[in-house]
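So this first bit is one chain, no partners, the form predicted alone, shown in structure tokens.
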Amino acid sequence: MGTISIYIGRLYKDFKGGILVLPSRTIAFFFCLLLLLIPLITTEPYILRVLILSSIFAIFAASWDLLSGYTGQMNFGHALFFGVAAYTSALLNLHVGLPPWLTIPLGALAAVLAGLIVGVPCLRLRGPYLALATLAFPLILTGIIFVIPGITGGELGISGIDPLSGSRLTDYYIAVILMLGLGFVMWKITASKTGLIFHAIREDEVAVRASGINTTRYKLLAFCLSGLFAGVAGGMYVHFMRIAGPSTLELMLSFQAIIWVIFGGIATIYGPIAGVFILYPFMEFLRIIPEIRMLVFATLVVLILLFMPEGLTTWVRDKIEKECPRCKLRNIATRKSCRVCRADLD
């Protein structure tokens, strides 16, 4: 009992020092806990469906943020990675008979290959030229899909795909746990040396190159990582919806990812996740007023952009926390001195 109490004490100390020390981390912790406990509150299939799709699109939006938010490589065709993985997973499942736990990672690898194909020629471009070039690739793939309907199903898509699992509840936990796990991985990548280089490339690529860093290699890495995570989302989506069609490559899907990221907070990873979990269920709720649904949605997004230009989560974080001017660590807003270096915060 003494050993157990010691471990519990250490665990609580780590929890208190690592999570409860900042309000933003506490909010994130209870958000994750709520997602895991929701099936104990309700097992309504429609609610679980909305949350499953929110989890899938949260991975997709965060993957766009990893590429465009951190490196500044504006990608207007992010649905390419989603659609490539969706079609790859569907074809492997339907024609080869592979189960979802194999087709999803294989679809993600196909999306990585797509990232290489897009990244190599597009990295020679910058600004609006890069954005327009990435915009063209989903259109090209959509045209190919329509040309070979015998394989891709054409406009009707591919149906008869195996489900993600045998029950809606299992689907829910698969989607939520993967979303939380991959979101944490992406956040750790951005907090690492690689993430710092991504951020530096966005701020001043010329200075980064002058310091001896191969910026082309890191931008290509960002394309591949972004494709990997977006590919996982695409594979999960196709096995949950049990159909792969041209809608997985639509330009609107790429623009939705951008809206989710900017709404939640760009270059944060957790911002896009929050943006999806706010906007996607909100859009589902607005189905009760279909005539003005898009008007209400657009008004909400415009208001956020006007009054919170850096995103909702960034605005909230800045209200409840403040940065130390000396060590740059964040502290709760009510503190008078930094929790680490004791510098004056006022």
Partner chain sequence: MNRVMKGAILLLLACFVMVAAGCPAPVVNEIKIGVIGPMAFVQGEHHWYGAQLAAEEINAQGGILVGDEWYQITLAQVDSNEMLSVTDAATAMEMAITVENVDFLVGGFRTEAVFAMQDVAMGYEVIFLGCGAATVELCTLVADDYETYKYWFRVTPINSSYLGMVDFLLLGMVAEEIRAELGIETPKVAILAEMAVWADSIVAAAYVYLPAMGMEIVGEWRPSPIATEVMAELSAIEAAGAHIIFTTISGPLGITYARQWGELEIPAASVGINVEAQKEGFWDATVGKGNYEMTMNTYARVNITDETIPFIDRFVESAGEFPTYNAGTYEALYILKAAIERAGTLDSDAVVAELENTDRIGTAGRIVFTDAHDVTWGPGYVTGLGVQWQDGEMKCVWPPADGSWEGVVYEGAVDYVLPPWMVEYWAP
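Since the structure is predicted, the reported quantities are computational estimates derived from the model, not experimental observations. Residue numbers count along the first chain shown, from 1.
Not pictured, yet referred to below: the form predicted together with its partner chain.
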query: In the predicted complex, segment of 184 to 192, 217 to 225, 105 to 113, 234 to 242 with a heavy atom within 4.5 Å of its partner chain; finding: 234 to 242
query: In the predicted complex, F146 touching its partner chain (heavy atom, 4.5 Å); finding: yes
query: Partner proximity in the predicted complex: T170 to its partner chain, non-hydrogen atom cutoff 4.5 Å; finding: no
query: Contact of P163 with its partner chain in the predicted complex (heavy atom, 4.5 Å); finding: no
query: 4.5 angstroms heavy atom contact with its partner chain in the predicted complex for S211; finding: no
query: Contact residue in the predicted complex, chosen from L196, I151, V120, L156 - any heavy atom within 4.5 Å of its partner chain; finding: L156
query: Among the candidates C32, L53, I38, V316, the residue which, in the predicted complex, approaches its partner chain to within 4.5 Å (heavy atoms); finding: L53
query: In the predicted complex: members of 33 to 52 within 4.5 Å of its partner chain, any heavy atom; finding: E44, P45, Y46, R49, V50
